[in-house]
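Only one chain is shown below, in structure tokens, and it's the form predicted alone.
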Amino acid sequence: MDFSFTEEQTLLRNTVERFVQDKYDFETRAKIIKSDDGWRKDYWQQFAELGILAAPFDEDHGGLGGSAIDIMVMMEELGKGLVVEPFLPTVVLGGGFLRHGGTAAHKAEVIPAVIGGECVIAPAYAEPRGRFNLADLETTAKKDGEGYVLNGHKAVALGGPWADKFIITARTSGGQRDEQGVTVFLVDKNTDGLSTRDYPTVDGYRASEVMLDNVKVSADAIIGDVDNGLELVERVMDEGIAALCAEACGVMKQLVDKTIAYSRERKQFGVAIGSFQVLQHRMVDMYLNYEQSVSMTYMVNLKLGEDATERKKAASAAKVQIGRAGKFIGQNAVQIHGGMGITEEMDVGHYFKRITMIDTQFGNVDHHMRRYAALSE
């Protein structure tokens, strides 16, 4: 099979790579995550000017008509720089909901705003007691005339502090964990009754708890079909997993490279610790775990267009590999660096935090092992 990239994909990769190298060094990122805003809005505008935000959208709406592979190559480079700007929640997840389930009005109005850097979207699908079950919803949407009234609490909405719109999943019928009865809504952040509690995450990103207190929306806010939104949510989340795996590969690559470089410089007993055979073996294992993760990432991105069962199995298999490999690589990178490997002053510690958080995002290893097993029965 030919795994070579097209000229356009190479150009996208090089564009993001140059941006990260020129404007997102470790010191700059440290200032960004410690700032009150937690991101650089001018950088987001530069993403728009470079065409990065347009990659997956149809040309009819001003996009580049790209594929999952285009997203993959960009996410890997964003991972190498630990970029905190909300590309994943806005372009991959938010864009996925709009592309697959949005109305003609949504696509005509919101997608161009996303491409232009004028609209940030934060998906609010998780709930405090829902774990990783996308159908486990206590948030409700009750019919009210021609519209709906939303009530509930959504947890860890990544990019929430910067969002202009939230994509909210709510139960319109059925029991709390029923697969039927899930509906997806696009809600403006300034809608009456919607409030947020914003906070930084362990890995330097920003998220929000979203409280919904009698939030009234019109029927035009619905994305996809009423009561049949779970399939759409699962499809978008699997696309998010594929993109997240690519980001993880970028993070792992940096951890491996930085650990090898450090082992050549750090000396004990008068020699570089990289000359110790036991550490050589460990770093070889780190590299093998990284390469296996790259292969699984290619696999899941190539299978996103297949039937739902194959897509879900590919996403879960890749997430298990990424979770296990990330843990192994991250822990060994920190151990080889010694105590300072986890300090705020050294970049390895920040890569370790990010790869650790990636394991829990969209479901951890245990969750996806169970999901894969259930799909294989």
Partner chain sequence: MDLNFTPEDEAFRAEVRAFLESVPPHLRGVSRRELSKEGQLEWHRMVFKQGWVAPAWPKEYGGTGWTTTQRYIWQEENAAYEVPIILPFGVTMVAPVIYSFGSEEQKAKFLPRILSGEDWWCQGYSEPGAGSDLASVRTKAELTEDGKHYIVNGQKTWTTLAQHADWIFCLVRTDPNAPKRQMGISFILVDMKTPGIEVKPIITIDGGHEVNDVFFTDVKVPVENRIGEENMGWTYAKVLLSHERTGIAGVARSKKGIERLKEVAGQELLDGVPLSEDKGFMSKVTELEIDLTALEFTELRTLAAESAGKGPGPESSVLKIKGSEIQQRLTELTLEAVGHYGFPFLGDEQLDGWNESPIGPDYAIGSAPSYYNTRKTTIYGGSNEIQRNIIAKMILGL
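Residue numbers count along the first chain shown, from 1. Keep in mind the model is a prediction, meaning the values are calculated, not measured.
The discussion below concerns the form predicted together with its partner chain, not included here.
- When its partner chain is considered in the predicted bound form, D238 lies well away from it, no heavy atom lying within 4.5 Å.
- Residue contact check for V334: one or more of its heavy atoms lie within 4.5 Å of its partner chain in the predicted bound form.
- Put simply, A68 is far from its partner chain in the predicted bound form: not one heavy atom of it is within 4.5 Å.
- Using a 4.5 Å cutoff between non-hydrogen atoms, A104 does not count as a contact of its partner chain in the predicted bound form.
- Taking the partner from elsewhere, every residue among P128, D136 and G339 has a non-hydrogen atom within 4.5 angstroms of its partner chain in the predicted bound form.
- This chain appears without its partner; in the predicted bound form, the one residue of A261, A108, A219, V202 with a heavy atom within 4.5 Å of its partner chain is V202.
- From the list 139-147, 78-86, 111-119, 261-269, the contact stretch for its partner chain in the predicted bound form under a 4.5 Å heavy atom rule is 261-269.
- Residues T356, M357, T360, Q361, N364, D366, R370 are the members of 356-377 with a non-hydrogen atom no more than 4.5 angstroms from its partner chain in the predicted bound form.
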